[in-house]
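A lone chain, given as structure tokens: the form predicted alone.
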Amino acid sequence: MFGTPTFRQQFPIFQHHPTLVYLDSAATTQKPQVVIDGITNFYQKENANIHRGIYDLAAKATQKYESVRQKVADFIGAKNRSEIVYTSGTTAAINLVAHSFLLPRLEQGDEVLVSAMEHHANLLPWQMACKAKGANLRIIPIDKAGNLDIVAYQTILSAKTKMVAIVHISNTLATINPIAEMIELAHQKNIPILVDGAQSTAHYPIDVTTLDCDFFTFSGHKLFGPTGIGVLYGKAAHLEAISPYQFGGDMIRTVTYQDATFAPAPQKFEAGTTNIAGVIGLGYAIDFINQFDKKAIATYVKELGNYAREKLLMINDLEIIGNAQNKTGIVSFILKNAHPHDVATFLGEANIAIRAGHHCTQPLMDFYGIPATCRASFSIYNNRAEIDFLVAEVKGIQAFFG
């Protein structure tokens, strides 16, 4: 079913670009027609601002907007819709936690733990918080295959650790980290933990209640939804206890010239007019994904990744960066005699869309001693024939530069 011509018809990008081989879903997924239609329908027939209007159009927009909050809660296994905060994306969600939750609790000499494979979005907010308070950012090591060192992680955890932030799936290495074990180990020492689910939520079953993570983040555009909308899940007790760090309309309870009190979570974290159409589009994206078995999606994408690695490794002077034991459908590779940007340029001329660069993981590139990689990333609209075409073109590029 996945990857077939019939299935791909749900994604209009492939009708407009029939020869496109889109292998950049780790950057953003393509959008099914149902999501595009849902956003268009809102703007054409239902557009109004939310929460403040008492006329019918505003009331219906508010109801639709808030119904998506429950849909998101159900999608990731949250106990209550009030644990779902809308943000502009994963980056904004992580920054919210760093500013509102961590900073007031962080003191000089404290420690924050992140892994060596983090995206800059799950590195820089914690780095800046540590610099502001004189705390120390500790790095959980990985081996050359891209496996996180769980023994080292357990050793680094201490009474000084005030936060752990870990990516669920590496956007560069495809590593699926053992987050359930990591959460349990952190909680044994009463340490809160945030999970960056930007790469996992579209293709992997998520249940934040079972995981028992303190915070979980993801972006709508990486799970077939629009850009500019993301989600922060936070345990109710955390969200109730922390203060917002953005202020304005719709997040208040009372305001005077001298003081203000704020609305309860999640509203107190959603200052101003939010991305209403983006939220509605996210709802349609979740409806789209919910048609399918999430385990079947995860299996399919993982199999595409394994097939791509098998075929690419047949090419002389090609090295795959990221060979963890547990990995998914993202493949980073380098050719011995060709810069990744040149490889991506040649592939682009063949209408193959991949990513080339450091993938917002510069420290990870330094760890491997390379400037960049080529990255092919797969989703449910991809198939093996596209991978075969990719491999054939890479062989040609290798011969040209070799």
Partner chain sequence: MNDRLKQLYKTVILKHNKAPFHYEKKEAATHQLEAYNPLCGDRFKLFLEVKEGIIESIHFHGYGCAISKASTSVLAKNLEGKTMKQALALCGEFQQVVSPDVTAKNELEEFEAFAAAKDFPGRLTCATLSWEAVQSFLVDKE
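What you are looking at is a predicted structure, and each value in this text was computed from that prediction instead of being measured. Residue numbers count along the first chain shown, from 1.
A second form of this protein, the form predicted in complex with the partner chain, is not displayed here; the remarks below concern that form.
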Stretch in contact, per heavy atom within 4.5 angstroms of the partner chain in the predicted complex, of 339 to 347, 49 to 57, 35 to 43, 66 to 74: 339 to 347
Contact test in the predicted complex: residue 402 vs the partner chain, heavy atoms, 4.5 Å: yes
Touches the partner chain in the predicted complex: residue 371 (any heavy atom, 4.5 Å): yes
Residue contact check: residue 30 to the partner chain in the predicted complex, 4.5 Å heavy atom: no
Contact of residue 62 with the partner chain in the predicted complex (heavy atom, 4.5 Å): no
